[in-house]
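Take a look at this one chain, the form predicted on its own, written out in structure tokens.
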């Protein structure tokens, strides 16, 4: 089972946004998507759970076409979408009430909703904040509440559209830690960002540029390719950038490190 994107193109009226995009996301797979502003990332996110319908091509969610309007509820329960501004996604004043909102709209019995709220808040590390007012939370906590609201609907896949763009470093770390835990539990992740350092643990990364896939590959292939990243206006992450500078001073690496831990281990070896 997977999200399968086949030759996807999308236009607003006569303005092409996506052009012949194809890829697949499996359960438990972490797929990163990066690109400059205007590359079509947010439009792609909305195509993956049927908010937008492809102009050409197809998006299949576990074999169901997002063009099948009779299956929209199934698709949106299967593919959860988290936006970059959590305030646009939170609807209730109390944390547990907000998390319960989605299941309630699906007509799920109250006893099961309580179980799902418990499950979701535990997964994002906010079970002790369930009675807190949403307005009193930090940005990172709000984004984790938004993720919990999606989790309470038990999706197989979660699409996160620049979820940390409005957060400080602590908030970014909180959200990314939650995402990595969900991956380990078998949730398929599509993580859209322009903070490339957040993609070091991705199974694969796609660079989107002018509505097309410019390059795709493993995290190490993409995040150490300084020339390609520069061509599309992206900066190489700090750790691989440092490693490439050190190589000019004859510091040898078997593999260019992506994280601080890899850098320390490489230097000590």
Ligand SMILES: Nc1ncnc2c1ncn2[C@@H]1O[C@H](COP(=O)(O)OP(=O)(O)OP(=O)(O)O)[C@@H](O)[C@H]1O
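Residue numbers count along the first chain shown, from 1. Fair warning: this is a prediction, and the values are worked out from it, not measured in the lab.
Just so you know, the form predicted in complex with the named molecule exists too; it's not on screen, but the next bit is about it.
Inset, instruction - May I ask you to choose, among 217, 57, 36, 28, the residue with a heavy atom within 4.5 Å of the named molecule in the predicted bound form? - result: Going through each option in turn, the one that passes is 36.
Inset, instruction - Tell me, out of 42, 53, 228, 65, which residue has a non-hydrogen atom within 4.5 angstroms of the named molecule in the predicted bound form. - result: By the 4.5 Å heavy-atom cutoff, the listed residue in contact is 42.
Legend entry - the named molecule in the predicted bound form: contacting segment from 199-207, 42-50, 234-242, 217-225, heavy atom within 4.5 Å: Result for this chain: 42-50.
Inset, instruction - Consider residue 114 of the chain shown here, and say whether it contacts the named molecule in the predicted bound form, taking contact as heavy atoms within 4.5 Å. - result: Contact with the named molecule, no.
Legend entry - in the predicted bound form, residue 258 touching the named molecule (heavy atom, 4.5 Å): The answer is no: residue 258 has no heavy atom within 4.5 Å of the named molecule.
Inset, instruction - Flag residue 195 as yes or no: does it have a non-hydrogen atom within 4.5 angstroms of any non-hydrogen atom of the named molecule in the predicted bound form? - result: No, no contact at 4.5 Å.
Legend entry - Partner contact for residue 96 in the predicted bound form: the named molecule, 4.5 angstroms, heavy atom: So residue 96 does not count as contacting the named molecule.
Legend entry - Within 150-186, the residues that have a heavy atom no more than 4.5 Å from the named molecule in the predicted bound form: Only 162 sits within 4.5 Å of the partner.
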